[in-house]
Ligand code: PRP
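Let's start with one chain on its own, the form predicted alone, as structure tokens.
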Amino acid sequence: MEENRYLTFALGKGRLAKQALALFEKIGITCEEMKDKDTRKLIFVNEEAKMRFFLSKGPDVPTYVEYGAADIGIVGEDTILEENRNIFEVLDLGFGRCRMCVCGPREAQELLQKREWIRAASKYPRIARDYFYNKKHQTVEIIKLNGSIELAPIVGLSEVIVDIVETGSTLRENGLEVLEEVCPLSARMVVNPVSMKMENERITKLIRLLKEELSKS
């Protein structure tokens, strides 16, 4: 690609973006514009490195990367699995670690063990469906929710939920517990397939530097 082309990064808003930028700084990639908390800018540029950054809601990051609006994305693996976009997952960044789990009241454990028909509420219907149908071979009705998933079994909407668990404190406070683990999760770097070919040298070098930095911790 032309020498002056910017490499564009889509960063999941919030903690992931902050941790990603902190990691980038360790390998010499900075973006001072992003440190201004009062800025209303949407695109942030490092002219020297020919890199652009923008913040996005997590679920939109894989979309920006698939369609080439961003060459590289930083996003949680839960989003990658749920969105199922045509992108390359190239690096486990090691932060944002948590688990996707099936949770519910203790008595729901028996329904899972006997593989009985149940309802499962989740923000992640694709992940939930794949787990129950393809791994457990259990028939479920998946109910898509966007808000407080823990509410579903409490009010009788579902027997279990499929959700991200970090500490489990919210579950415990509501009389729920982890019943089964679906998969471990962490922040990942994803790349647009065309960008990987056209900007292979720059992207490969970036991956190598990040791997070297991550190996130190």
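The numbering used is simple: start at 1 and walk along the sequence shown. None of these values were measured; they are calculated from a predicted model.
From this point on, the text means the form predicted together with the ligand, which you will not see here.
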Report the stretch among 60-68, 166-174, 34-42, 185-193 that approaches the ligand in the model of the complex to within 4.5 Å, counting heavy atoms only.
166-174
Within 4.5 Å, heavy atoms only: does residue 30 come near the ligand in the model of the complex?
no
Going by a heavy atom distance of 4.5 Å, is residue 85 a contact of the ligand in the model of the complex?
no
Partner contacts in the model of the complex for 97-126 (non-hydrogen atom within 4.5 angstroms of the ligand):
123
